[in-house]
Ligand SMILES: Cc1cc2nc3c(=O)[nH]c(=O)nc-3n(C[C@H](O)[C@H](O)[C@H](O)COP(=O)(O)OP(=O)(O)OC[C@H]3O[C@@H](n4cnc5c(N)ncnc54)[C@H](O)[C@@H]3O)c2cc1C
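In structure tokens, one chain follows: the form predicted on its own.
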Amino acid sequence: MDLAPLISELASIENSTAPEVLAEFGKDWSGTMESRASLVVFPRSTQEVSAVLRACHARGVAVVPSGGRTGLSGGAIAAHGEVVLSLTKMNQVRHFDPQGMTVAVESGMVTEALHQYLEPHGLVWPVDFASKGSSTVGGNIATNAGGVNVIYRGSTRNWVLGLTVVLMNGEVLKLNGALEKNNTGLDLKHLFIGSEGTLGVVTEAILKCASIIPENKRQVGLASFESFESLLEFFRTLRQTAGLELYAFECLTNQCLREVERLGVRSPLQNPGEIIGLFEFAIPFVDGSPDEEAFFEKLASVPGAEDIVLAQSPREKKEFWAVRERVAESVLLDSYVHQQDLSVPVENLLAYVKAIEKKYQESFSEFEVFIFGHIGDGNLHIFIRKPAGWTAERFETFCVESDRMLFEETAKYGGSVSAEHGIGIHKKPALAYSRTPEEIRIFRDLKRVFDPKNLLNPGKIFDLV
């Protein structure tokens, strides 16, 4: 396709066809597909986004919206010559209301930069995860990102009040504004949250903030368990303790811990068991009170809890969190790894883990399997490392079978084939494990309403057939 007329029309908006720019902005962190982007455009306003989409719509040119590109499902890959619409230049705070505890930002703002902006005001946008230093607010909204605080704060959807969205034909929608209450019919913003840029491009968002939890109220602990069952019993004990606020509850296997230690991260646990739990919480006890003493005795009495260590300083809290947050980095280091991101209801976690462990032992015994994730919301990450001596082609062939097993078990236990990273390209064949035919039909109907030419992030989540 001759893009010269389009480039000429968009000459006032920063753009590039440099090979290195196309390669960088046309792919995401999954690293499994090369970029085949034809053009990258860097608008700086909603009006410029509208102009880009309108021009592409008129010429029948497909567009892939792009933020921090930290997803792992291929949702931001330009694989078929699309124009990439990078929102990274739209990274400013537009308005801050400390009284209403809201902040209006452009969608290219980096998540951690927003945290840093709000921190001096004693506030936080409570969407937090390991990739916050690269991910953008718009990307968080597009995938309804979760993270480590979902058990306490909920996912991104809970913290979005209003959106500015541009449709493929260039039309601009202003949805809900900064209202907490607006009982005037359908709340259309929720159609775009989690839609992975297939219905419209989010350019601005009005976000709800929360008060920062004071450092002296937060406690972080690590505990070692002899089994996954013991870990879940410990989790249940924490959740059912009167007066306790549980902010996060994470897990990693001993195998994951050994990988993290390769990075120089040291665990305070003396003899780590089969699985390790990390928990962050607050209790309203006065130090040394009888209630506090009884609480820790209760935790220590959980069967299978072999070692419990609490951080003694802010520095130790960060070190404890590093044990969990650097798992993915350590497993991926110098390795060929296949990744999955799944969730099941918490009540089914034990049966699910036992089932998949049994399947791996029976059918995929040569795989090195790493399991870690967010126990509080039932989300597990499963990383599989290519066995030494295997070709990538042989490994991927076996991974297809492994994934089928995982998806079947996930469906059996009422789960989702994608808990955090969306469907994108890579999980499109698995969508039917988590969504009914009726739901998928409605997805397609909505796509036809908002993007009848199928030009906006086409081929992501589902095919329009």
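The shown structure was predicted, so the numbers you read here are calculated from the model rather than taken from an experiment. Note that residue numbering begins at 1 and tracks the sequence as displayed.
Just so it is clear, the following notes concern the form predicted in complex with the named molecule, a form of the same protein that is not shown.
Exactly one of the stretches 417-425, 436-444, 396-404, 38-46 approaches the named molecule in the predicted complex with heavy atoms within 4.5 Å, and it is 417-425. 71 is the sole member of 272, 277, 71, 376 with a non-hydrogen atom lying within 4.5 angstroms of the named molecule in the predicted complex. Residue contact with the named molecule in the predicted complex: residue 413 places no heavy atom within 4.5 Å of it. By the criterion of a heavy atom within 4.5 Å, residue 282 is excluded from the residues contacting the named molecule in the predicted complex. Proximity of residue 342 to the named molecule in the predicted complex: non-hydrogen atoms within 4.5 Å are absent; the residue sits far from the partner. Contact annotation: residue 142 falls within 4.5 Å of the named molecule in the predicted complex, judged by heavy atom distances. Residues of 125-149 lying near the named molecule in the predicted complex, listed in sequence order, are 129, 130, 131, 135, 136, 138, 139, 140, 142, 143, 145, 146, 147, the criterion being any heavy atom within 4.5 Å.
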